[in-house]
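The chain below stands alone and is given as structure tokens, in the form predicted alone.
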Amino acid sequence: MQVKKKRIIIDCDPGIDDALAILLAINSPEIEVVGITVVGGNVDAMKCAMNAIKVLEVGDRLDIPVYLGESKPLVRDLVTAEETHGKSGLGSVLVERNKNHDLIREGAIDFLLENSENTHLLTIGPMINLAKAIEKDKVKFNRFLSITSMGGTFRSNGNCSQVAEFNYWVDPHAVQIVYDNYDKLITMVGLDVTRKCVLTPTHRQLLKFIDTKLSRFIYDITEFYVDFHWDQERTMGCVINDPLAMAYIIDDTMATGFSSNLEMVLDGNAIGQSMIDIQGFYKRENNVVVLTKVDEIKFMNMFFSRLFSKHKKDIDIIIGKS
């Protein structure tokens, strides 16, 4: 029996882990990627769009449209994460302009609104495009069947300040607009669960042994990421945040959490903190499902098995069966 595919739009700022999320999406039979909308974040918006094209080149899916979106936050100046993702956004992999970059289209906001019906939204970058779409047409925006967001943190410490996760920190005002105006619960795939999903040196060695165009690309872009994680956190390997959010859309038994209300800190030293009202102090309606537990082996098994299905036996040996 043919499985009905979930239509999704990926709103992103590629970004090393954004690239991995896109690759997981286009290699999953349950998913139809309607398009990719790009926002400034890890690097500037045009670099992000060029990186999205690069990922689609590697994945042989240049049929998927890429739309350029907002280049700066609503209120703050854009602060990028080149120290984490490299000057290009894909680590030490240089992305040189070529004819395929002519495929980058303008109009991310209109694309989001015109394709919201019967579509799920995966947002793995700052929420600036989403906030702008709400400001333009809240009714159309609320036609999205679901929103899954890689961002925020609950109990875990921040990754760009003591308390803030980068995607939400870049534009907390946009995040607040989205959570205040979307009429369903948004799933927050935050650092509490993504930090458990580490691409280890053993996983990267497996990529080297698989030795395909795709495995070499992933190995190369994550090398910079590994160095950053060692310098910053003494992590052996690198945390791959965004693919978990994609995996959760495919299989929502992979992680669990609870419903609550999210409010953003909009200024001061704690700017970008995602405050989760677990005890209902403010008596506000729930607007978020906060994921707190994840089966990281099941996730890693899905990630490798989807991208390298011909090597399932080796993946089972190295990662374990989910």
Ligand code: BDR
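All residue numbers are counted from 1 along the displayed sequence. Computed from a predicted model, the values in this text were never measured in an experiment.
This protein has a second form, the form predicted in complex with beta-D-ribofuranose, left out of what is shown; the following refers to that one.
- Heavy atoms within 4.5 Å of beta-D-ribofuranose in the predicted bound form are found in one stretch of 98 to 106, 177 to 185, 239 to 247, 206 to 214, which is 239 to 247.
- Among the residues I147, I134, L191, C197, the one placing a heavy atom within 4.5 Å of beta-D-ribofuranose in the predicted bound form is L191.
- Between beta-D-ribofuranose and the residues F154, F141, F224, F166, the one pair within 4.5 Å by heavy atoms in the predicted bound form involves F166.
- For N159, a non-hydrogen atom is located within 4.5 Å of beta-D-ribofuranose in the predicted bound form, even though that partner is not displayed.
- Contact annotation for N42: at least one heavy atom lies within 4.5 Å of beta-D-ribofuranose in the predicted bound form.
- Contact between I124 and beta-D-ribofuranose in the predicted bound form is found at the 4.5 Å heavy atom cutoff.
- Contacts between stretch 12 to 37 and beta-D-ribofuranose, counted in the predicted bound form as any heavy atom lying within 4.5 Å, involve D13, D17, D18, listed in sequence order.
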